[in-house]
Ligand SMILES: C[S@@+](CC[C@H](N)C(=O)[O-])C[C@H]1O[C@@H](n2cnc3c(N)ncnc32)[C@H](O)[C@@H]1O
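Encoded as structure tokens, the following chain is the form predicted alone, with no partner shown.
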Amino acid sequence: MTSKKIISNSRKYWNKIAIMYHDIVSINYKEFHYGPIIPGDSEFKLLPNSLKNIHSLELGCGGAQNSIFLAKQGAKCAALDISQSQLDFAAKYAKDEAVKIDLICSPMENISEDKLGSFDLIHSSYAISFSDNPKEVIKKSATMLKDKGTMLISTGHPLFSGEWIDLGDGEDGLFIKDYFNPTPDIRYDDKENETVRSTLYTLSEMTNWFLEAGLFIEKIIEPKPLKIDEIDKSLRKTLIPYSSNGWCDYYKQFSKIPGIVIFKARKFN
């Protein structure tokens, strides 16, 4: 399948499921999130120390909740997504929170400094795995960072592509068919046509994307989940930055292996 077709399918998919997605997934604005059922930046402290007046760009923003969080701290935010339906939700949320976000409908593969400018912070939460060419996205993003700028990228951990098997005696374990070629998450329509895919990569491959783009990696985090079994279900939307009933079902697995990996990289000319 060509890159053009993959991008076209992805746009159609996210436009189609946007309403359902925002109905079942809870992402709050009180915290900068990195992925489902894990702590936010109040624990990891990866964001720049001062957010006031910095220029930030969010890739694969969905409802742009992270950009709204940053804008409420004084940042000047742009947020990009392939789906106009997702951006319609972002516009509504930004209006509800009385902040201004520059919303851009575009594939993340098409970003460039000529089109969008340069930024102090470029961030993406659990979206880059849907790109057909994440290495190129990192490379282009690096050229758009200002000197000493920060890039924060979270994505699915390659171990999350494994298959859980029953080991007996109430124990289960992870079977990895091929770590070097993680099985992609491919979604199909009712006619068995591919609609969208999320592809994971080895940690070394992802690490090298940042290094080859000329960035300095400050931190790599493989976070444990929040202890959601100790949080009343009625409070999860408030206390968990990013959650849904479906993601909470993965809690036992995420307690044994990381489902997310977070990269913090900096640019020094």
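Residue positions are given as counts along the sequence shown, with the first one as 1. It should be emphasised that the depicted structure is a prediction, and the values quoted were computed from it without experimental measurement.
Just so it is clear, the following notes concern the form predicted in complex with this ligand, a form of the same protein that is not shown.
Undergrad: I need the one stretch from 77-85, 184-192, 166-174, 145-153 whose residues put non-hydrogen atoms within 4.5 angstroms of this ligand in the predicted complex.
TA: The contacting stretch is 77-85.
Undergrad: Which one of A90, M108, A71, I138 is close to this ligand in the predicted complex, taking close to mean a heavy atom within 4.5 Å?
TA: Looking at the other structure, the residue within range turns out to be M108.
Undergrad: Taking this ligand as it sits in the predicted complex, is Y242 in contact with it (heavy atom to heavy atom, 4.5 Å or less)?
TA: Yes, Y242 sits close enough to this ligand in the predicted complex that at least one of its heavy atoms falls within 4.5 Å.
Undergrad: Could you tell me if Q253 has a non-hydrogen atom within 4.5 Å of this ligand in the predicted complex?
TA: Result no; Q253 lies far from this ligand in the predicted complex.
Undergrad: Please determine whether G62 contacts this ligand in the predicted complex, using a 4.5 Å cut-off between heavy atoms.
TA: Answer yes; at least one heavy atom of G62 falls within 4.5 Å of this ligand in the predicted complex.
Undergrad: Hey, in the predicted complex, does I101 get a heavy atom within 4.5 angstroms of this ligand?
TA: Heavy-atom contact with this ligand at 4.5 Å: absent for I101.
Undergrad: Just to make sure I understand: among 23-37, which residues lie within 4.5 Å of this ligand in the predicted complex, judging by heavy atoms?
TA: I27, H33, in sequence order.
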